[in-house]
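Just one chain is shown here, as structure tokens, and it is the form predicted on its own.
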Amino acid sequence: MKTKNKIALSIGILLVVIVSLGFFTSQSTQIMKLNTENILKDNYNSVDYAQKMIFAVNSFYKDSVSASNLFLENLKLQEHNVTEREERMVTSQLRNDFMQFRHRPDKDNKIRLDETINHLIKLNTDAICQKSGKAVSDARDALIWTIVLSIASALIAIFMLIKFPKILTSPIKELLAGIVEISNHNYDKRLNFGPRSEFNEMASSFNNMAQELSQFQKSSMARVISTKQYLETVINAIKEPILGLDNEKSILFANQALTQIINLPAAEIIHKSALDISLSNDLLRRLIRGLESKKEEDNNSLKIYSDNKECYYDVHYLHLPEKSGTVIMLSDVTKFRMLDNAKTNFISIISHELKTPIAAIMMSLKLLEDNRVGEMNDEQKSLAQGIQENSERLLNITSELLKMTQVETGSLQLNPKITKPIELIDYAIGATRILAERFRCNIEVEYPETKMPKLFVDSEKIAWVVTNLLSNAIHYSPENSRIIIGAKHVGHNVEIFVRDFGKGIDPRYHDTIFERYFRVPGTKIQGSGLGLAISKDFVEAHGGNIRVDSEIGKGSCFTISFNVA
């Protein structure tokens, strides 16, 4: 018998044993799985329903409607999960007992109902114990047979291990050596076992494969070089800077746009360690730091001086599959940054220019209201009141625009000093007193009796934030409603909150209301949509945070928090 036939026979026997072992194991596992699922599906759910019904009965005297709904819901589920003998009769008795208990919830009916529920639990727990015992017995039998079959498989494998290595060692070693040579790209390796060897056909196939690989290497090398040159041309033609790194952070390629902004020629950086080069190159060091921290550079942080001007870039890290490397791409956003700065400067100039005519309008309005100029009739007074309100609104909008431009341009100046939270609250109440009287809102102050820590903040800006929150609460509250403003000490933080009882804010908008120019859809109150955005910038500039808790129909609570640790 030839070696291949012996191997085939032995492997066939072993395969039969392995398949038998696998089939028996899978069948045993499936049986145990079904037993477990039956326990869970048929009995555990019934016990769970019964426990919820007990809870409903115990809470019946507190809330009969909710308890009845909970009981009937679980009873209905139980009626569809009857699996044991007597369980259908007990379930039917359970419905009757509950109806009597709900009609007359006295002690006797409750005891009878509890006994019926406990009977139902006992039926299912007994079934669980019985099925669990059967499952344990089946598992033990399956384990014994698995061990027997495993031992048989091991004996057959040991026999094959002792019998055949001497026959196969020599040609297989030579074949292995040939494979190693091929894996090392030595395609000139050839095998020769002699014309009578049963491995001669394998040697012939191996030699043919080696010859074809040798020819393929010679032909494909030219294509690889051509493709590489093509890709280099494409990458260099891209105007955006691109840098390629392998998993060891060695530079694989860099286009001309990148070498220009880092001021290093490609010949000095290709196949060199980016970590070593970054020691003397600030831009490359920032790119590598962003890669190691797994965070892209912030748009405002990556500023480059190129061609005697400031340039801004967004950085994108493209990680190759299987961690084989990273491609770093820089997008030039200088034009957009300039446009944004131009927009901010324009808004700032317009806001400053608008303040002068607004002040003139309000001064003229004061002169008109002076009785020495002349009495105004009711219609004129109404028009003057409208002019006053719109002028104040326009002045508020211009003030908000100026604050926004300060934040955007980075010119926001903080003048922190030690401030008591109650001083900020008193200022906001005084600033909105007339507005509260107009809307007939009652402002209540909640301040702890214990001593509160002081804040080290710019009191003018934080007072503006608290005033803005209180003003919003007044505008969005119905007449004669309560508004609560207060402070509390929570852990290492001091929190100042403003709570109203208006219509509330949909949870979908809890994050977006702090964005510039956003207004909740359907809001009838006029506004610029900048107040909360500016408040968020002011609070975060102090290292604090602002949040909102609100539900439709239950009002809103805005809270600003500062760390005092």
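Each residue number is its position in the shown sequence, starting from 1. Note that the structure is predicted; figures quoted are calculated from it, not measured.
The same protein has a further form, the form predicted together with a small molecule, not shown here; the description that follows concerns it.
**Student:** Answer with yes or no whether F71 is in contact with the small molecule in the predicted bound form, where contact means some heavy atom within 4.5 Å.
**Tutor:** It does not: once the small molecule is placed as it appears in the predicted bound form, F71 has no heavy atom within 4.5 Å of it.
**Student:** Does the small molecule get within 4.5 angstroms of any non-hydrogen atom of I462 in the predicted bound form?
**Tutor:** It does not: once the small molecule is placed as it appears in the predicted bound form, I462 has no heavy atom within 4.5 Å of it.
**Student:** Give a yes or no for F98: in the predicted bound form, does one of its heavy atoms lie within 4.5 Å of a heavy atom belonging to the small molecule?
**Tutor:** No - in the predicted bound form, heavy atoms of F98 and the small molecule never come within 4.5 Å of each other.
**Student:** Is it the case that Y44, even though its partner is missing from this view, gets within 4.5 Å of the small molecule in the predicted bound form, heavy atoms only?
**Tutor:** Flag for Y44 set to no.
**Student:** Could you spot which one of L532, A50, A56, I496 gets a heavy atom to within 4.5 Å of the small molecule in the predicted bound form?
**Tutor:** Exactly one listed residue reaches within 4.5 Å, namely L532.
**Student:** Just to confirm, with a 4.5 Å cut-off on non-hydrogen atoms, which of T116, N472, T432, Q78 contacts the small molecule in the predicted bound form?
**Tutor:** Exactly one listed residue reaches within 4.5 Å, namely N472.
**Student:** Report the stretch among 473 to 481, 178 to 186, 281 to 289, 259 to 267 that approaches the small molecule in the predicted bound form to within 4.5 Å, counting heavy atoms only.
**Tutor:** That would be stretch 473 to 481.
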